[in-house]
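First, one chain by itself: the form predicted alone, in structure tokens.
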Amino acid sequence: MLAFYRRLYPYKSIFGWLNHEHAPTKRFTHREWAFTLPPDTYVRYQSFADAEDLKKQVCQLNPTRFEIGPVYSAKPRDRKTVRAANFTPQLRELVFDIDMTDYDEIRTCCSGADICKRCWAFIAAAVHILDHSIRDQFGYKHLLWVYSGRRGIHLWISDKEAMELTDEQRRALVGWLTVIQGGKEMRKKVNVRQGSKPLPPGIQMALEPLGPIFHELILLDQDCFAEEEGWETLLQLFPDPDVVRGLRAKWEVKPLSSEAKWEDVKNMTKAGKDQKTHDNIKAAMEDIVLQYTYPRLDAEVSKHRNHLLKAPFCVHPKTGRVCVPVDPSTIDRFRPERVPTVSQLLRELDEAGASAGGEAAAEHHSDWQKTSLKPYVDMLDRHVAALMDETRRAKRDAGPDRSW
């Protein structure tokens, strides 16, 4: 790990992403960092002057991972010298966390920590929907998606308006985006409408792209309703007992695919005995599509400015994979098992050094360019460039006065 931190971790890019400018500002100097040290020590309220200061401390501590928190009103390392009332979080990226384990009750290919190409499609669907919803409904532009290193994905939103949100505003925003609620004991997890009334506009917009995803992922690939446990769960999501009895009677007679069972549900809608029954079944079907395909958010991660989240380009201790940025437009083609690992990167670095005749740069600032980490750092750098462009425009428009 120490070789990775010394030669490959992109400190300059991380600095630019958090700071939004080339020269250090409070967005970086007043930022909290937390380190996990072996065997099980957690060190919080660290802060640094610039990228080199961060690098020096990381290499000295050699942590198993480190996390990023908010920008405080004072430097976190000086918090004991200021009154508690004067040490408060001021700015924080709006963050989201989506974890594969929240899909365990519906995915049929893997469970727990395991992940494969098939169940990654749940994460891909969540990225598509959440990325579009946030851009369309809230107008945010600076979204950075980061693979967690094992079985999930994080989203960091760096727009000025997002960073300035209060905890109350964050709770309201997350509440608006949260559709799936309840633990394993709760069968129906979608309760965002009154009776059979239309869905809220934002959720209705998401429903259209989720239809094909539901068909391909839930009905065909995962075949979620093929086994009795799966289709019994499905039946419990319909409010009309006559509909449930009719479907159960048919499905108990002979095995049917999930696709065939869903066709039966559609036919029940067409054959509804009255308009109310028709509307109830249609509403239940929409809620089912949402329950099986809409993003499952860990809402607590997003509600508070003082929440800490693992830094991009950290290494997951169990997989050895680097937490790399992900392009939402190509998320369907992303494969977690192809993400570079520390051992792979160090091997690539050794091979690059050997091919160069053993010459080594004195500073190692760009060693990542010689490895398969390069496209991921380049992706972050493009994100940073857009942030810095916007900061320059905002400063030009606002004049010389600035506090952050």
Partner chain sequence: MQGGEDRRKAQAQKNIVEVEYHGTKGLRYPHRLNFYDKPPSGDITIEEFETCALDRLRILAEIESSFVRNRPWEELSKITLAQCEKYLQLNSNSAKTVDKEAQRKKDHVGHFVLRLAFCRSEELRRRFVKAEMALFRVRYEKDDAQELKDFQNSRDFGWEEVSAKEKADHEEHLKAASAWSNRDVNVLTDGYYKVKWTRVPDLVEKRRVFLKAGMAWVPSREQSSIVFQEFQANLMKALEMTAKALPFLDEDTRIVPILNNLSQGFLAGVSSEWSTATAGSGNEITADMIDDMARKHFPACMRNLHECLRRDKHLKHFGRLQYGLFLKVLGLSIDEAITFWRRSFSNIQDDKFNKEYRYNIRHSYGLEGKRANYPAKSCQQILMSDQPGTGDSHGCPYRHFSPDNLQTALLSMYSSQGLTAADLPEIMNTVKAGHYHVACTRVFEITHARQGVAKGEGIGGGESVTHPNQYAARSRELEREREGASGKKEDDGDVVMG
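Positions refer to the first chain, counted from 1. Everything numeric in this text was worked out from a predicted model, so none of it was measured.
Heads up, the form predicted in complex with the partner chain isn't pictured, but that's what we're talking about next.
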Answer option from Ala113, Cys116, Ala249, Met186, heavy atom within 4.5 Å of the partner chain in the predicted complex: Met186
Interface residue in the predicted complex among Gln275, Ser329, Gln169, Ser257, criterion: non-hydrogen atom within 4.5 angstroms of the partner chain: Gln169
Distance check, Arg296 to the partner chain in the predicted complex, heavy atom within 4.5 Å: yes
Exercise: Glu161 in contact with the partner chain in the predicted complex, heavy atom 4.5 Å: yes
Distance check, Glu300 to the partner chain in the predicted complex, heavy atom within 4.5 Å: yes
Close approach of Ile281 to the partner chain in the predicted complex, 4.5 Å, heavy atom: no
Proximity to the partner chain in the predicted complex (heavy atom, within 4.5 Å), stretch among 213-221, 129-137, 74-82, 259-267: 129-137
The partner chain in the predicted complex: contacted by all of Pro340, Ser366 and Val377, heavy atom 4.5 Å: no
Residues from 98-119 in contact with the partner chain (non-hydrogen atom within 4.5 Å) in the predicted complex: Asp102, Glu105
